[in-house]
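This document starts with one chain, in the form predicted on its own, laid out as structure tokens.
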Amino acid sequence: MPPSSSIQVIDSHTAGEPTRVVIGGGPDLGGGPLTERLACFRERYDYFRSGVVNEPRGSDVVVGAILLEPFDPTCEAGVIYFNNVGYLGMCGHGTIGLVRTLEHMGRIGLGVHRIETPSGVVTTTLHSSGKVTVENVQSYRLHEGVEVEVPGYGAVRGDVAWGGNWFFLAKVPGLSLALANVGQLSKCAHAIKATLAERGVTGTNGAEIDHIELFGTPESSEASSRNFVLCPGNAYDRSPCGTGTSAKLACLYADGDLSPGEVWRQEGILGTYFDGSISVADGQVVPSITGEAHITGEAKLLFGEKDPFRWGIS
């Protein structure tokens, strides 16, 4: 990056969770597959990630996305998602925000659009209502009923599932999923995550379980469940979490509690919703998540050479 530089971003929020899309001025990551470009981003330009989403220009809750030309010629765009501590293979709320951003830029209109991510290609639909449906990557439950003894909380039993990121999904008795309790919920989820790591509970090929999803009774009679999701970097998801809802749908199907095409309304910690459903082909579960995003701003971020926090506070 040059000594003094600027980048162009468009900000949005999806059900309360912010997304910042870099549309110009980002690093040259090459033109290879998204997995190769992600490796380049991580190894050579991680400071850029920090500068975009961390303070003083961002905050722990902001999810960043760098807009790229796709490697797959059938896709409208490629994207790499990142947050305050690292990178995400896929991001449901971020993809909904990205689609609305592409519409705002005049790059797409109503209809079906394919988006390439490091976790694979996802198919999206921009509806006339402004809502966006994301047909996510194949999702599945890896382990059922994993029980760990969590200090301060006793035995916690949950499932390990993939929804584009790795999740541990559990219900913790005695914890109310109310917005006023986010401190307690975050503390509990962090303790569960640490215990999983200590006990060697992982995803496929030893992958870290970096998202903890607590679920319980919804506040609205129109919802099927309520959740609280702690993301990497210890920020909680303000939305109902697209990849977390996908992991939940995969578990419900595995339990025989959800049929293809049946709608599951996931309520998040702010009381906002994602509508989820699945299709099944050759035994593979493909979740679809529908939600709404709103554009909140356009900005030029400046990175002055003499700024001591040029590349963020991390």
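Sequential numbering from 1, following the sequence displayed. Because the structure is predicted, anything quoted here is derived from the model rather than measured.
If you look for the form predicted together with a small molecule, you will not find it shown, but the lines that follow are about it.
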Heavy atom of G97 within 4.5 Å of the small molecule in the model of the complex
no
So in the model of the complex, does any heavy atom of D237 sit within 4.5 Å of the small molecule?
yes
Classify A161 as contacting or not contacting the small molecule in the model of the complex by the rule of any non-hydrogen atom within 4.5 angstroms, answering yes or no.
no
Is C91 close enough to touch the small molecule in the model of the complex, meaning at least one heavy atom pair within 4.5 Å?
yes
Which residue, C231, A223, V172, L169, has a heavy atom that falls within 4.5 Å of the small molecule in the model of the complex?
C231
Of the residues L258, L38, V63, V52, which one places a heavy atom within 4.5 Å of the small molecule in the model of the complex?
V63
Looking at 241-249, 28-36, 43-51, 265-273, which lies within 4.5 angstroms of the small molecule in the model of the complex, counting heavy atoms?
241-249
